[in-house]
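Starting off, we have a lone chain in the form predicted on its own, written out as structure tokens.
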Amino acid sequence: MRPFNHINAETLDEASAALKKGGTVALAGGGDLLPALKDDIFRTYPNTVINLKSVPDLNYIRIDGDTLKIGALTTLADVARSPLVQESAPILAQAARSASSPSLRETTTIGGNVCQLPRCWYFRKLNNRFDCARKGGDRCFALTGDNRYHSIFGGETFETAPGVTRLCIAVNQGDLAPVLTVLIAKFVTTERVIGNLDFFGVGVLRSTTLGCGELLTEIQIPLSDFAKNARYKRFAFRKSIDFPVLNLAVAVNADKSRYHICIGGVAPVPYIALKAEELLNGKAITPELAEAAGIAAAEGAKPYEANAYKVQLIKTLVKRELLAL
């Protein structure tokens, strides 16, 4: 790891101002940033690391009226074992409990989990061997390289420099992203409130729509039928430590008039299976309907030769979780 300056921010304003100067990165739990610094994956090594853990009052779980509120610095372990979360949104506790390893969950924050950088091995290669588009480079190496874990629903085009756009097919593999999407979560930042459909995005060194110096402070989850009637499933090659190859969240309201289905690991942002939702809305689940919904969820996929298996995973997991729901 190279030398850098370390600042313990005392306020969000201080942290935000420092980040806007450039050459600075924010540290929450450190589960994502520290390995990236050790592996030297960035085009330009940061001069300064701003520690957010020193900012007070960002670690909490509470009910406020009809909303479950979670501070951005709350650890995944605290989310997983919280009686409030287990009672009001058990699917979130389940997803937090399945992420990473027991020791890392004690330090990894919910804010860091949803803001983590892509896991693509070209992006993460030691010493920035592949200067890819997500770092501001000229190309996505996965398009013609090893893309077995990459998107089957196309890529995202984004601006790498003024007037210059590039494509990336790295996927969002966060455990909590599909869950927070189906729970209709809101993301409170230092500048605004972002809805569940607008928070995740693709850009240079970012996987959210947060702007330069904008910090996530709180996640708000409505107390609703969707939070109580939901299922989460992840597929990974190892039960612990591994990031999910594919993960799925499904939820339904009490009268079954509305279903929510979101899939991670298949697109650059959490993928909402709209065709499956439309097929299910207003209906009770039967084996035949669950199978049809699985097929609908995979409709439109254009996999590469190395990741066509994800299509069958979608069909199977959607069917199984709907029947379990």
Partner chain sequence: MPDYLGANGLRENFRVVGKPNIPGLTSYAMATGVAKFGSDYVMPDMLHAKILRSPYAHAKVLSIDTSAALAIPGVVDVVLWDDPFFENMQLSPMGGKKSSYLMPEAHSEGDEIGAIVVAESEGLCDEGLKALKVEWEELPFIVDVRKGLDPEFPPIRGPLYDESGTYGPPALTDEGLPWMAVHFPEDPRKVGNVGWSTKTEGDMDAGWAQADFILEYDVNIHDVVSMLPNPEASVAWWSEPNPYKPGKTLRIEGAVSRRGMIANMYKLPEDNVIQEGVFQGGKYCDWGLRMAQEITPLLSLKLGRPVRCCNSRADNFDLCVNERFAHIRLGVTKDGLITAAEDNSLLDHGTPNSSEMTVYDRDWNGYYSLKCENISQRYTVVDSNRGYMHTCGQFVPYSWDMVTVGIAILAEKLGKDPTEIARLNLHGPDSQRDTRPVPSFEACLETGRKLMNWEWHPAGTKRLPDGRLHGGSFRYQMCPRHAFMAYFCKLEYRGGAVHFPTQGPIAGWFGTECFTMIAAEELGLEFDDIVVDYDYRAQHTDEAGGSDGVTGHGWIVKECANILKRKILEAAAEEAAKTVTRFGPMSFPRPDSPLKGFSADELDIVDGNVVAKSDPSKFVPLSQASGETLTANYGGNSPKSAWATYFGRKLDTMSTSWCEVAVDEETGETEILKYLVVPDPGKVIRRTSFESQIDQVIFFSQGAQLMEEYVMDPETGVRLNANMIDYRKPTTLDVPIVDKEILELRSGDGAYGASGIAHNLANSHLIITAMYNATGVWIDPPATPDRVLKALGKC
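Residue numbers count along the first chain shown, from 1. Given the structure is predicted, the values throughout are model-derived calculations rather than measurements.
The same protein also has a form predicted together with the partner chain, omitted here; what follows describes it.
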property: All of 127, 144 and 312 with a heavy atom within 4.5 Å of the partner chain in the predicted complex; result: yes
property: Answer option from 153, 200, 232, 243, heavy atom within 4.5 Å of the partner chain in the predicted complex; result: 243
property: Of 135, 228, 206, 119, the one that lies within 4.5 Å of the partner chain in the predicted complex (heavy atoms); result: 119
property: Segment that reaches the partner chain in the predicted complex - one of 246 to 254, 207 to 215, 127 to 135, 84 to 92, heavy atoms within 4.5 Å; result: 127 to 135
property: Contact label in the predicted complex: residue 238 to the partner chain, heavy atom within 4.5 Å; result: yes
property: 4.5 Å heavy atom contact, residue 17 and the partner chain in the predicted complex; result: no
property: Interface membership of residue 324, the partner chain in the predicted complex, 4.5 Å heavy atom rule; result: no
property: Proximity of residue 317 to the partner chain in the predicted complex, heavy atoms at 4.5 Å; result: yes
